[in-house]
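Just one chain is shown here, as structure tokens, and it is the form predicted on its own.
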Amino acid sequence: MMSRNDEHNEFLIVGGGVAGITAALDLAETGRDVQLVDTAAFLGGQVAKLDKIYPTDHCAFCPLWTDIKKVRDHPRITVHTSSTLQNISEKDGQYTIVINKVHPVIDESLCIYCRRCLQECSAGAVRPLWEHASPPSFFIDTSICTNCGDCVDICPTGAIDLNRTAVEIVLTVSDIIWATGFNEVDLTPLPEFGIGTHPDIMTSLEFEEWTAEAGRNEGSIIRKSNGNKPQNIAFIQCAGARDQRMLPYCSAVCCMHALKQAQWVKRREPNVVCCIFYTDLRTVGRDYYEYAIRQLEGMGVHLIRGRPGLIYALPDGDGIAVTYENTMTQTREIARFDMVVLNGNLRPSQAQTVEGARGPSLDSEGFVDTTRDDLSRFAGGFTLEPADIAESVIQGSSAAIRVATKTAYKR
């Protein structure tokens, strides 16, 4: 099935995280029409998965929900979630875009969040769309759904259709903003970090989800392995980053992320010892350094300058050993921890998001190459360079200004 937009939609934004949302709102407010595409089932990107945001320690949900609602309600913005780019072609300064949109099995507009499908599904395929989605809704993970149809029969509003298929949508736009964000790199190729060898060795985003107030544990600090409270937690910086074997660059956000997570552990469980192993502490944003000092002095978070050489589960399975060189004391040491959080393995998700389509030019590290005079010229957020929320918002707005100015001159 194929449909074509009847009216000319001037701009395409690829990515519905904070950079893409900012660019969409800024362009729409100038009177431009915007098509916003994201592979996820909901807007918000990686920020939607965060519990708190620094340096204010506000819930990530609060400002994000407001902007998502503005995007959803704006008459000049059309949102395509669960959608991927299939093809991009250019002619006479215009781009023809083919989008593959997969309609959700559960229609959000009909779902009343009665939870009957959740209770009926024995396969565990029914899940909340997003903890903060408004209005709340469920989605079905088709990778584990058995297509038994029990949820269809029990739904009181007929919101569930297991036979929904993908639709191709063709758009014509004047320019493209790339704001596809980042994802975590699999750390398995670096065995010294011990990922996958113990349930209490997890990545930073996994730990964020595990301890989130809106998540399954409602903010509780507990171990995955046995459900007990940990006595100590190690936060390992530059895991996979600043490493020629994987990511040669600094991921920019990791120092602040570890400081935030450590201090929220201390707020909820003051007796838990938190140690951050770091290469050098980078707190470069406004009020970031003051935020770090507050955590170190007020919360008692420990900093250890050194990159661990080996992390491994102890033979009895009840603990994790971290071997490292303390570069301040110039001593080789080993310490036992109940939990280990690996931070730094972040890369731009551009290549995955536009797989199979003619996307922007990328440099050797996977970021948009802005030196090329083609589709790569307008980007925002982590697509352009490692950036936190504040920087991504600035870059998204800047990208909107650039494309709006470009088309204004063209006319």
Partner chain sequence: MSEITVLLCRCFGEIDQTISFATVREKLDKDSNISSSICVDSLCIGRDIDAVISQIRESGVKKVLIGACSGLARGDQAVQNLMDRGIARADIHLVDLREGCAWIHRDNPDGASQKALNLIDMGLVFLKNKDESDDVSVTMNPDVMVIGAGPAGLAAALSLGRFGITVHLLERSSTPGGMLKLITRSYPKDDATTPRLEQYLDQIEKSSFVRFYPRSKISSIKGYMGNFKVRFSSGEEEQSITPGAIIIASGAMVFLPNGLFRYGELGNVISQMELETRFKKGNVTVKNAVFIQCVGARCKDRPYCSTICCPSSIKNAIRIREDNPDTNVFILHRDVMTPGNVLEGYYIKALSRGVQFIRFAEDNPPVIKGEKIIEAVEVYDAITGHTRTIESDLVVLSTPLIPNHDNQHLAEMLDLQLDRYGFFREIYPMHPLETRMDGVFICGSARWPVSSGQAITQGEAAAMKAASVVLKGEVRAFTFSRVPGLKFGHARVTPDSCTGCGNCMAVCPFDAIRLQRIDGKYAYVSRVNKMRCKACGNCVSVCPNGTMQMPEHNYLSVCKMIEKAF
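Keep in mind the model is a prediction, meaning the values are calculated, not measured. Positions refer to the first chain, counted from 1.
Note that the form predicted together with its partner chain isn't included here; everything after this is about it.
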item	value
Single option in K229, R282, K101, R267 placed near its partner chain in the predicted complex, where near means a heavy atom within 4.5 Å	R282
Distance check, K70 to its partner chain in the predicted complex, heavy atom within 4.5 Å	yes
Partner contact for Q244 in the predicted complex: its partner chain, 4.5 angstroms, heavy atom	yes
Contact test in the predicted complex: T66 vs its partner chain, heavy atoms, 4.5 Å	yes
4.5 Å heavy atom contact, V18 to its partner chain in the predicted complex	yes
Its partner chain in the predicted complex: contacting segment from 259 to 267, 86 to 94, 145 to 153, 110 to 118, heavy atom within 4.5 Å	110 to 118
Heavy atom contacts to its partner chain in the predicted complex at 4.5 Å, residues of 226 to 250 in sequence order	R242, Q244, P248, Y249, C250
